[in-house]
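Single chain ahead, by itself, as structure tokens, in the form predicted alone.
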């Protein structure tokens, strides 16, 4: 059978190219190497989180605690560095903090059978409360060459941002897990029909827990990138702003909010799409508040795009079946 066209990805690539051309016409500096590398740095932290969120949404879940999870990881990182002066231990602390939050989410969803929206809303409040207790309005400065290298360093003098390389490594790991492992196959199965997956004798709770732990680990990695870039963290650090961006990137990339459909390549395109939009809005001098409104409209447009691409694929499948099984 002839492979059907992935219209959502094709349209998304076309939109990225079109917006880039428009932005370059408005201001030629958009196409400069400095701006493109700036976009690459900008998308690194939300991109890492979007990889973890893709796993969660593919199972039909959601993780609303991710934003505060990033801020919590950054605060833990700042606390450990201020007490030990060891950058590696402090970064490990951020990843562990994110992993623990993911584990709690996984336990609530898989063992206690709490709806993901409710359970992660609860852990979001818990994370916010922990931040209020341990941060106490303090600032934690991250002054070390390791942090500076992650923030502004490049790969072997090529100019390519190190933080973006970290994002691409996480993307590659996520792609391998999703396409080449048992976990990846069961993620799609759970999202398509958890009931049928259970009837097949698969322990869906175990795999859902693993998915939330993966999302938690990506919170920790995103927290490292964010903290290194801003070089100081407080309980008001902007981790929560990444939540909308990462969910938007996943949905725009073609992952179905009900689960069972989507992939990492789509998420990567969604992350790039939002990065280009953010840069374009800055070049157009659009106020920050209006930018958030525009991003919300983009999510609605993405849902419509996914709906129509789904309809196109369904029509292609019907025509393909008609060719294979013609009516007598």
Partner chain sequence: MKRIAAIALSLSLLLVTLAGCSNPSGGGSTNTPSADPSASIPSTGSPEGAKKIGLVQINTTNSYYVGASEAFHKGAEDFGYELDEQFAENSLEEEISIIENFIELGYDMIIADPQDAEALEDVFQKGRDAGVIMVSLRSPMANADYNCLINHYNGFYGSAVACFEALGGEGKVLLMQGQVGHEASDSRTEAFYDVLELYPNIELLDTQPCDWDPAKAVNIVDSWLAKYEQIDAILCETDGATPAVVNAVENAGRLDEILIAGNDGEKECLEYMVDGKVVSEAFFCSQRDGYHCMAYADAILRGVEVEKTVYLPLYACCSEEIQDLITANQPDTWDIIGGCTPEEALAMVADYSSEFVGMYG
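It should be emphasised that the depicted structure is a prediction, and the values quoted were computed from it without experimental measurement. Residue numbers count along the first chain shown, from 1.
Keep in mind that the form predicted in complex with the partner chain is missing from the display, and what follows is about it.
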property: Site test, 136, 148 and 230 vs the partner chain in the predicted bound form, non-hydrogen atom cutoff 4.5 Å; result: yes
property: Interface segment, criterion being heavy atoms within 4.5 Å of the partner chain in the predicted bound form, picked from 182-190, 215-223, 230-238, 248-256; result: 230-238
property: Proximity to the partner chain in the predicted bound form, single hit among 130, 92, 210, 177 (heavy atom within 4.5 Å); result: 130
property: Interface residue in the predicted bound form among 282, 64, 265, 298, criterion: non-hydrogen atom within 4.5 angstroms of the partner chain; result: 282
property: 4.5 angstroms heavy atom contact with the partner chain in the predicted bound form for residue 152; result: yes
property: Touches the partner chain in the predicted bound form: residue 104 (any heavy atom, 4.5 Å); result: yes
property: Contact test in the predicted bound form: residue 81 vs the partner chain, heavy atoms, 4.5 Å; result: no
property: Contact test in the predicted bound form: residue 168 vs the partner chain, heavy atoms, 4.5 Å; result: no
